[in-house]
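Only one chain is given next, in structure tokens, and it is the form predicted on its own.
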């Protein structure tokens, strides 16, 4: 058998992603990267990899794949009802697999995006500093595209100690029930002054549903219309992860991993980094609401808390 992962069924959208491609936005290249970065990093830590190694990001329905060699794998993020040769696989746990075994993931029972890491990682060369797939540019990942049936992803040789990785565990994410509204903390601006008092009230007091038009570029929402004072267009300026654009429809769009680098719609607020994974895991129809984070300091503190969780997990992995 070969050191490959053979894709038997790719699901609707499975791509290779890492922490993202940075330093190229001035040239028009979006960062891409995992939509739920903490989940991707957790998978790598469980598999004994550096936390920003490439992983597979699966959307709504996971892959079916055959292992060409012995390996240790970890699945995190959405619960995709994964089985190995028909036996249920746990999430957030390192599991040993043998050459010839078949991993089969189904539709997400909880969450939207699942992540698969393998000990040693994928033998893919970074482009412009990253292995993340940029679908619009056909860049990075595996041939710059989503996976197809029949693809064979090359694997790096697993570390000598990889057999001892099996059994490592991390906390399983606690996804909210479908009927619960997801609260997203935001910082106002930079163009919140472009909206009327009624528009701002609608944004902060209304509930919005995730629409089927959402993708890795942006989560498009439907709910109370957000009224602008003198139109929604601005001179194009930079787009950050979490920027909430409001086009002429009055319906907000939260910009995500594959966002454009600049945009010409007014941005009413920015979802804080710590809350973006909640939105990345929200299914179509999920309800969200926005609330003011208070200050940039609160947003920074939330980001530090998330980073500390990963550092503690990384330290714990050394002793498991």
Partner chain sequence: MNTPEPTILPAGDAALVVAFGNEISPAVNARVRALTDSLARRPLRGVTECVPTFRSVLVAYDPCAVRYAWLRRKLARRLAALSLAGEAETRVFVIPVCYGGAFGEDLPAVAEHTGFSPDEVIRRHSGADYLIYMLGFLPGFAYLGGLEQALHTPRLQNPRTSIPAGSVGIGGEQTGIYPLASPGGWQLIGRTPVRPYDPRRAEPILYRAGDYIRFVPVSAEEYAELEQKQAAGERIWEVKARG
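Numbering follows the first chain given and starts at 1. This structure is a prediction, so every number in the text was calculated from the model and none was measured.
What comes next is about the form predicted in complex with the partner chain, which does not appear here.
Residues placing heavy atoms within 4.5 Å of the partner chain in the predicted bound form fall in a single listed stretch, namely 187 to 195, out of 95 to 103, 246 to 254, 80 to 88, 187 to 195.
In the predicted bound form, the partner chain stays beyond 4.5 Å of every heavy atom belonging to residue 42.
Remark: residue 64 does not count among the residues lining the partner chain in the predicted bound form, judged by a heavy atom distance of 4.5 Å or less. Contact check for residue 156: every heavy atom lies farther than 4.5 Å from the partner chain in the predicted bound form.
Residue contact check for residue 272: one or more of its heavy atoms lie within 4.5 Å of the partner chain in the predicted bound form.
This chain is drawn without the partner chain; in the predicted bound form, the residue among 239, 124, 166, 222 with a heavy atom within 4.5 Å of it is 239.
Proximity to the partner chain in the predicted bound form, defined as a heavy atom within 4.5 Å, holds among 148, 229, 109, 136 only for 136. Along 299 to 313, residues 299, 300, 303, 304, 307 each place a heavy atom within 4.5 Å of the partner chain in the predicted bound form.
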